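In C-alpha coordinates, one chain follows: the form predicted alone.
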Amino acid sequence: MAEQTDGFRVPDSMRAWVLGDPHELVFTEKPVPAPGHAEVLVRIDAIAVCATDLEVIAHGPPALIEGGLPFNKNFIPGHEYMGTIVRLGPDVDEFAIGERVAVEIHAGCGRCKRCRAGMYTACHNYGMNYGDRDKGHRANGYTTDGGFAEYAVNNVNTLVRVPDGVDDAEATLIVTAGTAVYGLDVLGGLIAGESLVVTGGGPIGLMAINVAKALGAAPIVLSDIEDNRLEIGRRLGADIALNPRAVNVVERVREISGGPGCDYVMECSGAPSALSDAMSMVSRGGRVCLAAFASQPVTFDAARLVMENIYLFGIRGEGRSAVRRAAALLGQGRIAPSLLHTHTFPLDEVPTAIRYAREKIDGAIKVVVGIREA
(Lines give C-alpha, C1' and ligand atoms only; values in the text may rest on other atoms or scores of the structure.)
Protein backbone atom coordinates (compact mmCIF):
# COMPACT_ATOMS: atom_id res chain seq x y z
CA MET A 1 0.00 0.00 0.00
CA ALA A 2 1.38 3.39 -0.97
CA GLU A 3 2.21 5.84 1.80
CA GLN A 4 1.50 9.55 1.51
CA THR A 5 4.45 11.61 2.80
CA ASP A 6 4.02 15.41 2.78
CA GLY A 7 2.32 15.33 -0.58
CA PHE A 8 4.47 12.56 -2.08
CA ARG A 9 2.91 9.17 -2.63
CA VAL A 10 5.55 6.53 -1.90
CA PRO A 11 4.64 3.02 -3.12
CA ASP A 12 5.71 -0.25 -1.54
CA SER A 13 7.50 -1.45 -4.69
CA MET A 14 9.40 0.16 -7.55
CA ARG A 15 10.59 -0.60 -11.06
CA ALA A 16 14.30 -1.28 -11.31
CA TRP A 17 16.98 -2.71 -13.58
CA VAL A 18 19.07 -5.40 -11.91
CA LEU A 19 22.30 -6.92 -13.19
CA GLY A 20 22.15 -10.57 -14.23
CA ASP A 21 25.03 -12.07 -16.17
CA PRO A 22 27.68 -9.77 -17.69
CA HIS A 23 26.03 -7.34 -20.14
CA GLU A 24 22.57 -8.47 -18.96
CA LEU A 25 20.09 -6.08 -17.36
CA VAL A 26 16.70 -7.36 -16.20
CA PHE A 27 13.70 -5.07 -15.68
CA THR A 28 11.91 -6.10 -12.49
CA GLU A 29 10.27 -4.88 -9.30
CA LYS A 30 11.93 -4.47 -5.94
CA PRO A 31 10.70 -3.16 -2.59
CA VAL A 32 11.16 0.56 -2.06
CA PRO A 33 14.00 0.84 0.48
CA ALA A 34 13.44 2.54 3.83
CA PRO A 35 15.85 5.24 5.03
CA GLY A 36 17.67 4.57 8.28
CA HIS A 37 20.03 6.55 10.48
CA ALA A 38 21.33 9.67 8.67
CA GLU A 39 19.55 8.65 5.45
CA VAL A 40 16.79 9.92 3.17
CA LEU A 41 14.71 8.26 0.47
CA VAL A 42 15.24 9.93 -2.91
CA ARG A 43 12.71 9.65 -5.72
CA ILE A 44 15.06 9.40 -8.69
CA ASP A 45 14.06 11.91 -11.34
CA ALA A 46 16.98 11.44 -13.75
CA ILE A 47 20.22 9.49 -14.01
CA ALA A 48 23.17 9.86 -16.40
CA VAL A 49 25.04 6.90 -17.86
CA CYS A 50 28.70 6.92 -16.83
CA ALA A 51 31.57 5.04 -18.49
CA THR A 52 32.12 3.25 -15.18
CA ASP A 53 28.55 1.94 -15.36
CA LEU A 54 29.53 0.30 -18.64
CA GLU A 55 32.51 -1.36 -16.92
CA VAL A 56 30.36 -2.60 -14.04
CA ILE A 57 27.71 -4.04 -16.35
CA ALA A 58 30.25 -5.70 -18.63
CA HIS A 59 33.01 -6.82 -16.25
CA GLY A 60 32.01 -6.18 -12.63
CA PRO A 61 34.75 -4.02 -11.04
CA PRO A 62 34.83 -1.56 -9.41
CA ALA A 63 31.48 -2.86 -8.11
CA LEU A 64 31.83 -5.16 -5.13
CA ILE A 65 28.64 -6.85 -3.97
CA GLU A 66 28.58 -9.35 -1.10
CA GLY A 67 32.36 -9.45 -1.24
CA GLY A 68 32.63 -10.35 -4.92
CA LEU A 69 31.49 -9.66 -8.46
CA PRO A 70 28.05 -8.01 -8.78
CA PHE A 71 26.47 -10.49 -11.20
CA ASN A 72 23.19 -12.28 -10.38
CA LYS A 73 22.90 -10.70 -6.94
CA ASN A 74 19.74 -8.62 -7.50
CA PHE A 75 21.99 -5.53 -7.68
CA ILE A 76 20.90 -2.23 -9.25
CA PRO A 77 23.77 -0.41 -11.03
CA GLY A 78 23.97 3.30 -11.87
CA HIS A 79 25.30 6.16 -9.76
CA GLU A 80 25.04 9.60 -11.43
CA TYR A 81 21.50 10.47 -10.39
CA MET A 82 19.46 13.30 -8.94
CA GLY A 83 16.00 13.44 -7.52
CA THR A 84 13.57 14.66 -4.90
CA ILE A 85 13.63 13.80 -1.19
CA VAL A 86 10.36 12.05 -0.34
CA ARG A 87 11.08 10.47 3.05
CA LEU A 88 13.46 11.25 5.92
CA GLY A 89 15.25 8.88 8.24
CA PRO A 90 14.20 9.09 11.90
CA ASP A 91 16.98 11.50 12.91
CA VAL A 92 17.38 13.63 9.77
CA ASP A 93 16.90 17.39 10.09
CA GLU A 94 19.55 18.61 7.63
CA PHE A 95 17.18 18.30 4.65
CA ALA A 96 13.45 18.57 4.05
CA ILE A 97 10.96 16.54 2.07
CA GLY A 98 10.52 18.04 -1.40
CA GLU A 99 14.09 19.31 -1.82
CA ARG A 100 15.81 18.50 -5.11
CA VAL A 101 19.26 17.00 -4.67
CA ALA A 102 22.17 15.63 -6.65
CA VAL A 103 23.99 12.76 -4.98
CA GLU A 104 27.59 11.76 -4.53
CA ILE A 105 28.36 8.07 -4.91
CA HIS A 106 30.46 7.47 -1.83
CA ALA A 107 29.50 7.64 1.81
CA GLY A 108 32.61 6.40 3.57
CA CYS A 109 32.50 4.43 6.78
CA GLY A 110 33.51 7.53 8.77
CA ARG A 111 35.74 5.46 11.03
CA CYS A 112 38.83 4.47 9.03
CA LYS A 113 42.00 6.54 8.70
CA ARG A 114 41.13 7.78 5.20
CA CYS A 115 37.55 8.77 6.01
CA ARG A 116 38.68 10.66 9.11
CA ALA A 117 41.03 12.63 6.86
CA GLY A 118 38.16 13.47 4.48
CA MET A 119 39.21 10.94 1.82
CA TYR A 120 35.97 8.97 1.85
CA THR A 121 36.37 7.84 -1.77
CA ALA A 122 39.46 5.93 -0.56
CA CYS A 123 37.62 4.34 2.39
CA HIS A 124 39.51 1.36 3.81
CA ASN A 125 36.19 -0.41 4.41
CA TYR A 126 35.03 -0.24 0.78
CA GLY A 127 32.49 -3.00 0.20
CA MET A 128 32.51 -4.21 3.80
CA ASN A 129 28.73 -4.21 4.11
CA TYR A 130 27.40 -7.73 3.70
CA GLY A 131 26.39 -10.71 5.81
CA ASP A 132 27.18 -10.11 9.48
CA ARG A 133 29.70 -7.43 8.54
CA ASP A 134 28.65 -3.80 8.19
CA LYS A 135 31.37 -1.20 8.58
CA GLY A 136 29.04 1.58 7.45
CA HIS A 137 30.55 2.12 4.01
CA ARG A 138 28.19 2.84 1.11
CA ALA A 139 28.87 3.51 -2.57
CA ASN A 140 25.59 3.56 -4.47
CA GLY A 141 25.86 1.74 -7.77
CA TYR A 142 29.11 0.08 -6.65
CA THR A 143 28.65 -1.63 -3.29
CA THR A 144 24.95 -0.91 -2.70
CA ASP A 145 21.95 -0.52 -5.01
CA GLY A 146 22.27 2.36 -7.45
CA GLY A 147 20.04 4.57 -9.51
CA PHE A 148 18.59 2.68 -12.48
CA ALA A 149 15.38 2.52 -10.47
CA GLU A 150 12.62 4.76 -9.20
CA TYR A 151 13.90 5.22 -5.63
CA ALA A 152 17.18 5.00 -3.72
CA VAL A 153 18.36 5.58 -0.17
CA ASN A 154 21.21 8.02 0.36
CA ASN A 155 23.26 9.15 3.34
CA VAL A 156 22.82 12.85 4.11
CA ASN A 157 26.57 13.34 3.63
CA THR A 158 26.16 12.52 -0.07
CA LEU A 159 23.42 15.05 -0.81
CA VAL A 160 23.94 18.36 -2.59
CA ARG A 161 21.06 20.75 -3.20
CA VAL A 162 20.33 21.45 -6.86
CA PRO A 163 20.57 25.19 -7.60
CA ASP A 164 17.40 26.98 -8.67
CA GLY A 165 16.79 27.00 -12.41
CA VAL A 166 18.79 23.83 -13.09
CA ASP A 167 16.75 21.13 -14.86
CA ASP A 168 16.87 17.41 -14.04
CA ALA A 169 19.17 16.36 -16.88
CA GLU A 170 21.66 19.13 -16.11
CA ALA A 171 21.57 18.23 -12.42
CA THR A 172 22.75 14.68 -13.14
CA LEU A 173 25.96 16.20 -14.51
CA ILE A 174 26.82 17.94 -11.24
CA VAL A 175 28.48 14.68 -10.15
CA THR A 176 30.56 14.60 -13.35
CA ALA A 177 31.60 18.19 -12.76
CA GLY A 178 32.46 17.23 -9.18
CA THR A 179 34.95 14.66 -10.42
CA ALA A 180 36.60 17.34 -12.54
CA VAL A 181 36.74 19.69 -9.55
CA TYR A 182 38.32 16.96 -7.43
CA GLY A 183 40.99 16.31 -10.06
CA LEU A 184 41.84 19.99 -10.30
CA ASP A 185 41.96 20.18 -6.50
CA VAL A 186 44.55 17.41 -6.50
CA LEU A 187 46.57 19.15 -9.19
CA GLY A 188 46.86 22.28 -7.10
CA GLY A 189 43.45 23.88 -6.73
CA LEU A 190 44.62 27.43 -7.40
CA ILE A 191 45.24 27.15 -11.12
CA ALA A 192 44.60 30.71 -12.35
CA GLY A 193 47.25 31.53 -14.92
CA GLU A 194 48.58 27.95 -15.01
CA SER A 195 48.61 25.94 -18.24
CA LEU A 196 46.55 22.75 -18.41
CA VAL A 197 46.31 19.92 -20.91
CA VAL A 198 43.28 17.62 -20.75
CA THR A 199 43.69 14.33 -22.64
CA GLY A 200 40.37 12.71 -23.49
CA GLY A 201 37.23 14.67 -24.31
CA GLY A 202 34.72 12.44 -22.55
CA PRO A 203 32.34 13.90 -19.96
CA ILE A 204 34.96 14.22 -17.20
CA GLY A 205 37.55 15.69 -19.55
CA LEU A 206 35.09 18.19 -20.98
CA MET A 207 33.95 19.23 -17.53
CA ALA A 208 37.61 19.60 -16.51
CA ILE A 209 37.98 22.07 -19.38
CA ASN A 210 34.90 23.98 -18.25
CA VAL A 211 35.84 24.09 -14.56
CA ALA A 212 39.46 25.02 -15.33
CA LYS A 213 38.21 27.91 -17.47
CA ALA A 214 36.01 29.10 -14.63
CA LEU A 215 39.02 28.98 -12.30
CA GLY A 216 41.23 30.98 -14.66
CA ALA A 217 43.62 28.40 -16.12
CA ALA A 218 45.40 29.52 -19.30
CA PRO A 219 46.11 28.29 -21.82
CA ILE A 220 43.87 25.22 -21.77
CA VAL A 221 44.57 22.49 -24.32
CA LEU A 222 42.22 19.60 -25.13
CA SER A 223 43.29 16.44 -26.93
CA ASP A 224 40.77 13.97 -28.36
CA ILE A 225 40.32 11.84 -31.49
CA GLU A 226 36.68 12.92 -32.02
CA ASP A 227 36.26 16.27 -33.76
CA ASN A 228 32.76 16.82 -32.38
CA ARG A 229 34.13 16.54 -28.83
CA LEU A 230 36.92 18.95 -29.66
CA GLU A 231 34.32 21.45 -30.84
CA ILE A 232 32.33 21.10 -27.61
CA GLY A 233 35.60 21.50 -25.72
CA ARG A 234 36.18 24.82 -27.47
CA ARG A 235 32.70 25.97 -26.47
CA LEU A 236 33.43 24.97 -22.87
CA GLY A 237 36.66 26.94 -22.73
CA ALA A 238 39.52 25.10 -24.46
CA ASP A 239 41.91 27.62 -26.01
CA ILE A 240 43.47 24.98 -28.27
CA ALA A 241 41.93 21.69 -29.44
CA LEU A 242 44.20 18.99 -30.89
CA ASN A 243 43.37 15.73 -32.65
CA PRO A 244 46.26 13.24 -32.19
CA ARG A 245 45.32 11.67 -35.52
CA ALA A 246 46.30 14.92 -37.21
CA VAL A 247 49.08 16.35 -35.04
CA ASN A 248 51.76 15.21 -32.59
CA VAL A 249 50.17 16.45 -29.37
CA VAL A 250 53.33 16.20 -27.25
CA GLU A 251 55.35 18.26 -29.72
CA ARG A 252 52.56 20.80 -30.12
CA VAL A 253 52.19 21.26 -26.36
CA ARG A 254 55.94 21.81 -26.09
CA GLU A 255 55.70 24.46 -28.79
CA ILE A 256 52.76 26.17 -27.10
CA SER A 257 54.66 26.32 -23.80
CA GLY A 258 57.77 27.69 -25.42
CA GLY A 259 59.72 24.55 -24.65
CA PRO A 260 59.40 23.34 -21.04
CA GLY A 261 55.91 21.85 -21.26
CA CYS A 262 52.65 22.60 -19.48
CA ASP A 263 52.07 23.00 -15.75
CA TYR A 264 49.34 20.38 -15.37
CA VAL A 265 47.95 17.40 -17.28
CA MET A 266 44.60 15.83 -16.44
CA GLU A 267 44.42 12.44 -18.13
CA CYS A 268 40.85 11.39 -18.86
CA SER A 269 41.22 8.97 -21.79
CA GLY A 270 42.55 5.75 -20.27
CA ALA A 271 44.57 5.16 -23.46
CA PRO A 272 47.61 2.85 -23.08
CA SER A 273 50.09 5.58 -24.10
CA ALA A 274 48.39 8.39 -22.20
CA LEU A 275 50.56 8.33 -19.07
CA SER A 276 53.83 8.35 -21.03
CA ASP A 277 52.52 11.15 -23.22
CA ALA A 278 51.43 13.15 -20.19
CA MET A 279 54.87 12.85 -18.64
CA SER A 280 56.43 14.00 -21.91
CA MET A 281 54.27 17.11 -22.19
CA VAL A 282 54.31 18.28 -18.57
CA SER A 283 57.08 20.56 -17.40
CA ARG A 284 59.75 19.72 -14.87
CA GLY A 285 58.10 19.93 -11.46
CA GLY A 286 54.65 19.69 -13.08
CA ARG A 287 51.71 17.58 -12.03
CA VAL A 288 49.76 14.79 -13.73
CA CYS A 289 46.36 13.55 -12.52
CA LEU A 290 44.90 10.27 -13.78
CA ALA A 291 41.10 10.40 -13.80
CA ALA A 292 40.33 7.46 -16.13
CA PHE A 293 40.38 3.72 -15.60
CA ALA A 294 42.91 2.17 -17.98
CA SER A 295 41.63 -1.07 -19.51
CA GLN A 296 45.03 -2.75 -19.21
CA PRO A 297 48.35 -2.30 -17.37
CA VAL A 298 50.54 0.43 -18.81
CA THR A 299 54.28 1.07 -18.79
CA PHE A 300 56.02 4.39 -18.28
CA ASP A 301 59.48 5.80 -17.69
CA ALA A 302 59.77 5.87 -13.88
CA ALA A 303 63.28 7.35 -14.10
CA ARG A 304 61.87 10.37 -15.94
CA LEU A 305 59.28 10.79 -13.21
CA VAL A 306 62.07 11.06 -10.66
CA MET A 307 64.60 13.04 -12.69
CA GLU A 308 62.02 15.60 -13.81
CA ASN A 309 60.44 15.83 -10.33
CA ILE A 310 56.99 15.12 -11.80
CA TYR A 311 54.12 14.63 -9.38
CA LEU A 312 51.70 11.83 -10.28
CA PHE A 313 48.23 11.51 -8.76
CA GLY A 314 45.25 9.23 -9.20
CA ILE A 315 41.70 10.16 -8.18
CA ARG A 316 38.63 8.08 -7.48
CA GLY A 317 35.27 9.70 -8.01
CA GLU A 318 34.39 13.11 -6.64
CA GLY A 319 36.01 13.32 -3.22
CA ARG A 320 36.50 16.09 -0.68
CA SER A 321 33.00 17.53 -1.18
CA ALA A 322 33.86 18.52 -4.76
CA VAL A 323 30.25 17.97 -5.87
CA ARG A 324 29.13 20.79 -3.58
CA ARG A 325 31.66 23.14 -5.17
CA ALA A 326 30.60 22.02 -8.64
CA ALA A 327 26.98 22.79 -7.77
CA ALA A 328 28.04 26.26 -6.64
CA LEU A 329 29.82 26.90 -9.95
CA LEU A 330 26.72 25.73 -11.81
CA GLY A 331 24.42 27.88 -9.71
CA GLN A 332 26.60 30.91 -10.47
CA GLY A 333 26.44 30.20 -14.20
CA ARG A 334 30.20 29.66 -14.44
CA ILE A 335 30.01 26.15 -15.91
CA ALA A 336 27.64 24.74 -18.54
CA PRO A 337 27.32 20.95 -18.23
CA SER A 338 24.16 20.97 -20.35
CA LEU A 339 26.42 21.10 -23.44
CA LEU A 340 27.42 17.50 -22.69
CA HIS A 341 23.83 16.20 -22.60
CA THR A 342 23.10 14.65 -25.99
CA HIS A 343 20.37 12.00 -25.52
CA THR A 344 17.51 11.16 -23.16
CA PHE A 345 15.64 7.85 -22.77
CA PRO A 346 12.84 6.68 -20.45
CA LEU A 347 13.44 4.18 -17.65
CA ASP A 348 12.14 1.22 -19.63
CA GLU A 349 14.80 1.86 -22.31
CA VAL A 350 17.90 1.71 -20.12
CA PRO A 351 19.56 -1.00 -22.30
CA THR A 352 19.21 1.33 -25.30
CA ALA A 353 20.67 4.21 -23.30
CA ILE A 354 23.59 1.97 -22.30
CA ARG A 355 24.17 1.01 -25.95
CA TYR A 356 24.15 4.64 -27.11
CA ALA A 357 26.69 5.56 -24.44
CA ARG A 358 28.93 2.56 -25.10
CA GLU A 359 28.95 2.83 -28.89
CA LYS A 360 28.77 6.65 -29.00
CA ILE A 361 25.82 6.38 -31.37
CA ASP A 362 24.81 9.64 -33.04
CA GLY A 363 27.66 11.47 -31.30
CA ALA A 364 26.48 10.51 -27.82
CA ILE A 365 28.45 12.08 -24.99
CA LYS A 366 26.25 12.13 -21.90
CA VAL A 367 23.15 9.97 -22.12
CA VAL A 368 20.45 10.61 -19.50
CA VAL A 369 17.59 8.39 -18.41
CA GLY A 370 14.61 10.51 -17.41
CA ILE A 371 12.75 8.48 -14.80
CA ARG A 372 10.11 10.88 -13.54
CA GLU A 373 7.09 10.86 -15.79
CA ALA A 374 5.84 14.23 -17.01
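The first residue of the shown sequence is 1; numbering continues from there. Values in this document were obtained by computation on a predicted structure and should not be read as measured data.
Omitted here: the form predicted in complex with another copy of the chain. The next part is about that form.
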Report task. Would you kindly say which of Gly286, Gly83, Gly146, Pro203 lies with a heavy atom within 4.5 Å of another copy of the chain in the predicted complex? Result -> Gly286
Requested in this report: Using heavy atoms only and a 4.5 Å cut-off, determine which of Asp168, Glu150, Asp277, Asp185 is in contact with another copy of the chain in the predicted complex.
Outcome: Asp185
Query raised in the report: Thinking of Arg114, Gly118 and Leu305 as the candidate spot, does another copy of the chain come within 4.5 Å of a heavy atom on all of them in the predicted complex?
Result: yes
Query raised in the report: Does another copy of the chain come within 4.5 Å of any heavy atom of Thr299 in the predicted complex?
Result: yes
Query raised in the report: Would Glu104 count as a contact of another copy of the chain in the predicted complex, using a 4.5 angstroms cut-off between non-hydrogen atoms?
Result: yes
Query raised in the report: Do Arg252 and another copy of the chain come within 4.5 Å of each other in the predicted complex, heavy atoms counted?
Result: no
Query - Heavy atom of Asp164 within 4.5 Å of another copy of the chain in the predicted complex - result: no
Report task. Tell me, please, which stretch of 169-177, 226-234, 84-92, 243-251 lies within 4.5 angstroms of another copy of the chain in the predicted complex when heavy atoms are compared? Result -> 84-92
Query raised in the report: Even though the chain is shown alone, can you say which residues of 179-195 have a heavy atom within 4.5 Å of another copy of the chain in the predicted complex?
Result: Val181, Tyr182, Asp185, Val186, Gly189, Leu190, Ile191, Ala192, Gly193, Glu194
